[in-house]
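Have a look below at one chain only, the form predicted alone, in structure tokens format.
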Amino acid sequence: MNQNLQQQTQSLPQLKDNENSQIKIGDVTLKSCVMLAPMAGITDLPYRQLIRRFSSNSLLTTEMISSEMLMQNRKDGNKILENLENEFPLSYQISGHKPHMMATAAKKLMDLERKPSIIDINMGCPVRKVVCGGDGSALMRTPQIACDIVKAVKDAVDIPVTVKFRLGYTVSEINFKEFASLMQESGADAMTIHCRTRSQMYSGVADWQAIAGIKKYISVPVYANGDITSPQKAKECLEITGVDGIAIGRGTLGSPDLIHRIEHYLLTGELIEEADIQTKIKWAKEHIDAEVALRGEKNAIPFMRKFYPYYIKGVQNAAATRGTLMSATDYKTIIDELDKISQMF
């Protein structure tokens, strides 16, 4: 893990506590109503460290961890489980459709040197290979299995258990209200609703209005997720939905300070300007260094390709620059290209 990046999180600016922004999930009290949403292949240790560098109170969430992978004790599973003390509060998200295996996986997470603050159950992933196996969003079509999973995991651990799901599987199968009630009855301590259906994937516009009023019949904390890309949109989402908090996912790509800017705006009404390109290039290089430290250069270079378009968004001739970054196979070429971009401004 890049020591420079880790050290930068030790002196974070502290916002004054605001009772209106506090959320209690089981016996865990959060000082922020903003959460980093889990993103497969994205919210790994280095990425969470980038977010924590700016936001000291938000709930961070790991990338989705397959319960079957955990049970296989695969070597590549070790890195996905790693955490650092400054990440807490930290939620680990697990996926699967077999109650007993999900419970066993949750127990295994409790054996970590630093155990999770919360365990989140993925019932919202729309990816074909996940859904075809009966996991993720497919569980919205098998509510009894979903209930059994929550109950099994609750019985297996002594920390809060939460659930993330969508509006429904398709537009004609929107069942989030009934599903939310079942999750609460099964013991879920909180839930996050991505305001799209599974069939929408990540296209179209998130329907915040759909979940307006859900707090009338759901007493546990509810987070809204989808299309929250600025402090103003965060406030609008909270006002429209009336939920307790918001989960930010893709909006943080290229903008690891977004959660902090949202927290600051909700608390003070003041907008912090979005970072300039030079600053984003600096973050990109720190991100690369951290991934190299975690995975080694050979694996880190291809892993980072998904992030470059976000860090260089708005750069002149971005397509050509992106092509160079995406085809580069060594660390020096990437750093040199990023330096060239930075020197343009």
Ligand SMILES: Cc1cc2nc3c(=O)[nH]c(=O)nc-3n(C[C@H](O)[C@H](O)[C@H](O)COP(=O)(O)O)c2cc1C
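Residue numbers run from 1 along the displayed sequence. Bear in mind that the values here come from a model prediction, so they are computed numbers and not experimental data.
What comes next is about the form predicted together with the named molecule, which is not displayed.
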Interface check vs the named molecule in the predicted complex: of 256, 168, 226, 160, the one with a heavy atom inside 4.5 Å is 226
If we test each of 235, 250, 215, 100 for a heavy atom within 4.5 Å of the named molecule in the predicted complex, the one that passes is 250
Within 4.5 Å of the named molecule in the predicted complex by heavy atoms, the stretch out of 144-152, 242-250, 271-279, 170-178 is 242-250
Review point. Quick one: does residue 164 come within 4.5 Å of the named molecule in the predicted complex, counting heavy atoms only?
Key: yes
Taking the shortest heavy atom distance, is residue 46 within 4.5 Å of the named molecule in the predicted complex? no
Using the partner position in the predicted complex, report whether residue 70 sits within 4.5 Å of the named molecule, counting heavy atoms only.
no
- prompt: Heavy atom to heavy atom, is residue 260 within 4.5 Å of the named molecule in the predicted complex?
  reply: no
When the named molecule is considered in the predicted complex, the residues of 30-65 having a heavy atom within 4.5 Å of it are 37, 38, 39, 40, 42, 63, 64
